[in-house]
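Next up: just one chain, as structure tokens, the form predicted on its own.
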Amino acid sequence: MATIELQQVEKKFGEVYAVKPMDLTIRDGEFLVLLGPSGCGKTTTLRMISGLEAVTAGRILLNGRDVTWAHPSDRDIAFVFQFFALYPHLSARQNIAFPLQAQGESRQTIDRRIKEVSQLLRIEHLLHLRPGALSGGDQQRVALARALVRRPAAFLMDEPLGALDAEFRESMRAEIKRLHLDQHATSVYVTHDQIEAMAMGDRIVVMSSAVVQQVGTPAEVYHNPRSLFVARFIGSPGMNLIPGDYADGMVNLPGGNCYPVPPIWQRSLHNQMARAGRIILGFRPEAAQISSDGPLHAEVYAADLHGSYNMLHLSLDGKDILHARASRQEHFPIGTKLRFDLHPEWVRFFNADTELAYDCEVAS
């Protein structure tokens, strides 16, 4: 087990930031996910923790020990790569045994640990096969076994499911999460897939353009995004974000819509907005409630069946498209004009200039 601390850690290539100064503590036994689009700095952060990439500035502590300049082999960390990195000429058993042999472990210890980890991952019947004879999912299990057999202080995983098809990704996602719960090992997991991050992470670090945008539980980053980027990036589809003008407890929106600010938000917005002005109204599709007397009106632009519900694409003014959930029993032909309200506790407001969220003192 391990606690990993990043203290003002940064990475620059020339004058370009790959990771801007970052403070982050990864708790003992935590499954932390680094989430963001390609090029945001998440893999570079992982490589700095492992020692594969030197920091430009800052310190990295492992269980209180400064390992900033320690060699990767001295950090007691296992790294699982996206493309398995198995030795093709060795059997699965030999691949798993390799790190123990490099450490000089006895034959008895190696046999015992291989047996334990192969039973845990249910790959006993594959140990005699070489990687070329294994499926993608089985190759990833062998790669995980090679990391687990060392019993390291922490596991680092760089998009380990990215090379698998959808069916394998779902099964391996469950396997990795189960392994984490069984081992209670500190794990740092990199992905660009927000659904994967929401399903697996105890906490999520959302990154964009080399900057940490928000750190929080899956529920926190979903329901309370701290910036427009997080609001757009988290969720499928992302949060509806509608520009408007705020004045006297009312938000004027496109298409002649006027939305009265919910009572739980009125004092907060009054205190945080020095005067009337531009604002962005945000809400998730499930926050929309179709109602004949709702304050907002829109036209159905398109509709998709998502199994247990219908996803409506609504147009406020012919240009701004938003998404709302409806039950699968409800059918709205294209062009239908309907009215809707918003669940008051699920509404969020953002500063149109800074793109940061306003705080609500009592919103959940």
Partner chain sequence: MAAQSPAAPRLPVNFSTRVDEVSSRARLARFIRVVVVIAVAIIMLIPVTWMTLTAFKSRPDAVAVPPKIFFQPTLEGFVSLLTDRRQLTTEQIAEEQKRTDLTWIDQLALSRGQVITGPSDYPQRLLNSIIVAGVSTVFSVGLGLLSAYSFSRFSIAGAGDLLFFILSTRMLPPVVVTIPLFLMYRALGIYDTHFGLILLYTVFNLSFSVWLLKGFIDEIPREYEEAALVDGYTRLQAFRKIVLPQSLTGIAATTVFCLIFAWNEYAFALMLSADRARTAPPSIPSVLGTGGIESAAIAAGSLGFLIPVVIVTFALRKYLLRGVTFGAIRQ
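Positions refer to the first chain, counted from 1. Please read all numbers here as calculations on a predicted model, not as lab measurements.
Heads up, the form predicted in complex with the partner chain isn't pictured, but that's what we're talking about next.
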Query raised in the report: At 4.5 angstroms, heavy atoms only, are 72, 101 and 141 all close to the partner chain in the model of the complex?
Result: yes
Query raised in the report: Could you tell me if residue 284 has a non-hydrogen atom within 4.5 Å of the partner chain in the model of the complex?
Result: no
Query raised in the report: Wondering, does residue 253 line up within 4.5 Å of the partner chain in the model of the complex on heavy atoms?
Result: no
Query raised in the report: According to a 4.5 angstroms non-hydrogen atom cut-off, is residue 302 in contact with the partner chain in the model of the complex?
Result: no
Query raised in the report: For residue 177, is any heavy atom within 4.5 Å of the partner chain in the model of the complex, or not?
Result: no
Report task. Quick one: find which of 205-213, 184-192, 255-263, 87-95 has residues within 4.5 Å of the partner chain in the model of the complex by heavy atom distance. Result -> 87-95
Report task. Taking 4.5 Å between heavy atoms as the contact cutoff, choose which of 77, 234, 288, 197 touches the partner chain in the model of the complex. Result -> 77
Report summary line: Checked 294, 136, 243, 249 for heavy atoms within 4.5 Å of the partner chain in the model of the complex; positive is 136
